[in-house]
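Below sits a lone chain in structure tokens, taken as the form predicted on its own.
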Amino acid sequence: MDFIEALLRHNFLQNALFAGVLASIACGITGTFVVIKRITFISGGIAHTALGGIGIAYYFGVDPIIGASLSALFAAIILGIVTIKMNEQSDTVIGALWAIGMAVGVIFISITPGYNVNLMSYLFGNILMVSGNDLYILFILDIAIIIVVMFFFRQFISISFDEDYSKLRGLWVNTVYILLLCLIALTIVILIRIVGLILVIALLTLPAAISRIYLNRIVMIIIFSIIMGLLFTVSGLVLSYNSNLPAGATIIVIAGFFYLFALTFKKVFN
């Protein structure tokens, strides 16, 4: 009840709630394909490369979300090409790009005059600092993700389950794969403001992983993943507000416990 009363009074809590909804939609949709296609490590490479764009954007006085978006999309395209052309060595290249992106971000952060607390929120997340402008950008990214998935839904399913068969059918597998990675990049940008770069992969994958344990139909997994994401973000907000805990970390802890419980329940009662 205290949280509801505060929600009605404080604009920053309302922004946080709306951001949680937008993040849940994005991670429910793209996280499903990440889990099914088992590209969590690639997603991690994209996420941590985004720090380079954030640091550069701060240094030149540009909105960090724009910097994160451009660097994440760049990483998605590069990693997509690398995994297609250099399948056996892709892990090494992903790790190298991951490290380079983080290093570039740290360098530009260190040479940026002054100290900006907001910059730390991109590393560790602070959903309570989401502004109206952030919500506008997140909403546009959400719409872009939904539109692309609606047009390429069957193609994404096809490459997620059987790339070889998709090639035999004449599907442009490589192009669709890179497009999927670009959607993941946009989702990561959305989640960075919620839980930060350090925890972004957990929120991207855990709702879909929980749904995958009990469901097989892709549409149902997506819907249930969105619901799970909403549950985690809202309950994390409430618990963090009442207990004075970091919101992003609280959201991830709740999601992690749900995943372990779901996995254990399935193993014991299956």
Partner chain sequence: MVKAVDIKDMAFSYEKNPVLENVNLSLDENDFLAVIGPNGGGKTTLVKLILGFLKPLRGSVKIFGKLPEDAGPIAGYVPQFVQIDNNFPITVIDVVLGGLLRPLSLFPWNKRQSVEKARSALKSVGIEELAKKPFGNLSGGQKQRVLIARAVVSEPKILVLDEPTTSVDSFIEKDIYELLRRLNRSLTIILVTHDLGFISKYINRVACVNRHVNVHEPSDIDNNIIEETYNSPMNLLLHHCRL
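Quick caveat, the model's predicted, so the values are computed rather than measured. Positions refer to the first chain, counted from 1.
The next section is about a form of this same protein that is not shown, the form predicted in complex with the partner chain.
Enquirer: How about L171 - does it come within 4.5 Å of the partner chain in the model of the complex, if we only consider non-hydrogen atoms?
Expert: Although the partner chain is absent here, L171 would touch it in the model of the complex, with heavy atoms inside 4.5 Å.
Enquirer: Do N244 and the partner chain share at least one heavy atom pair within 4.5 Å in the model of the complex?
Expert: No, N244 sits far enough from the partner chain in the model of the complex that none of its heavy atoms falls within 4.5 Å.
Enquirer: Flag D91 as yes or no: does it have a non-hydrogen atom within 4.5 angstroms of any non-hydrogen atom of the partner chain in the model of the complex?
Expert: Residue-level check for D91: no, no contact with the partner chain.
Enquirer: In the model of the complex, does L206 have a heavy atom within 4.5 Å of the partner chain?
Expert: L206 lies outside the contact set for the partner chain.
Enquirer: Determine which one of 72-80, 136-144, 94-102, 171-179 lies within 4.5 Å of the partner chain in the model of the complex, judging by heavy atom distances; exactly one does.
Expert: Stretch with heavy atoms near the partner: 171-179.
Enquirer: What is the one choice in M129, I157, I109, L123 with a heavy atom within 4.5 Å of the partner chain in the model of the complex?
Expert: The residue from M129, I157, I109, L123 that makes the contact is I157.
Enquirer: Quick one: of I56, L231, I218, L239, which gets a non-hydrogen atom within 4.5 angstroms of the partner chain in the model of the complex?
Expert: Checked against the cut-off, the match is I218.
Enquirer: Heavy atom within 4.5 Å of the partner chain in the model of the complex: which residues of 129-166 meet that condition, in order?
Expert: Residues within 4.5 Å: M150, F151, F152, F153, R154, Q155, I157, S158, S160, F161, D162, D164, Y165.
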